[in-house]
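Consider the single chain below, provided in structure tokens and representing the form predicted alone.
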Amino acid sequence: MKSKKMSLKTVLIVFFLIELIIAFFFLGSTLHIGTNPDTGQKIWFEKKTETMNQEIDFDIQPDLYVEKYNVEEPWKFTYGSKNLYDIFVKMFGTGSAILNFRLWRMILYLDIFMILLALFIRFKSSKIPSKIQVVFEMVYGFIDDLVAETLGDNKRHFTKFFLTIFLFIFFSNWSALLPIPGISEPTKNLNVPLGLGFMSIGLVHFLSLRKKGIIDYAKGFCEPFFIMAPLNIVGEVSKVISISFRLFGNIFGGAIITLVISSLTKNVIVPIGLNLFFTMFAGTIQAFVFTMLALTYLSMEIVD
């Protein structure tokens, strides 16, 4: 046991020393992999000149960054394609073209990844499960048990819906770990949590309407008195806001904190822990909370 502790301590010390060396020689620099147009080098460091405000604008509001700092070729942020940038400008305007491009690109990546992952697990499943099959069977069983306990055994067919929501939010939040410029969590954009919120609460009301009928469904907004109908309607709308802004606020706030601390500490050691906490721990918790809230709202309407 003592040797294991010593080996772990040695690894941490070496890691810390490497960080200090990198910080000393390359503090405030950006690593580039590719051909330097000036020197022809394949790997080189470029001194960073951006301020913390510029980094925040570039990461959170790229279109504002382009306008504020007079970037002459904004289409470089869309794979260097001017035609692609012009398409997004026509769709969303110059005020959000790059931001929407990044969002749509990331959602497309996630959709393709989830489809390929599902197909891989489907065709690789066997009676003697692999490690990845065991993991996903555990996740499926966990969500299935939640659905059965909340909605009842006869409503297990909702498991696939809530499992998809959980995995989409989970992978969206964890996408912040990808070390690729321009890649960020879709849930950091308010449109995605709002879309998920409208979809989840919309499903609740659709199933409630189908179960109760129009008259009983309308009566539900008039309880306990007819005069309470406006407040009840506002209460239902607030569910969308609550479930959406809780997810958005935690992911967006974590991204801002990580970005600010990273800038202040020049990306040395501290941001690693922050990124692990806000992305892996908080991201997983928020995926579960959103799924559980949507499941609870549904149970309030369709469970007798």
Partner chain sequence: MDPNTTQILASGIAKGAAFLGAGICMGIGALGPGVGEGYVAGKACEGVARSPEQAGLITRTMLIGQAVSESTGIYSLVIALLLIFTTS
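Positions refer to the first chain, counted from 1. Please read all numbers here as calculations on a predicted model, not as lab measurements.
The next section is about a form of this same protein that is not shown, the form predicted in complex with its partner chain.
Trainee: Given that the partner is absent here, state which listed stretch (223 to 231, 169 to 177, 207 to 215, 116 to 124) has heavy atoms within 4.5 Å of its partner chain in the model of the complex.
Mentor: Looking at the partner contacts, the answer comes out as 223 to 231.
Trainee: Please tell me whether the candidate spot formed by S130, V134 and T164 is one where all three residues come within 4.5 Å of its partner chain in the model of the complex (heavy atoms).
Mentor: No residue of the spot touches its partner chain in the model of the complex.
Trainee: With its partner chain taken in the model of the complex, which residues across 243 to 257 come within 4.5 angstroms through any non-hydrogen atom?
Mentor: Contacts from 243 to 257: none.
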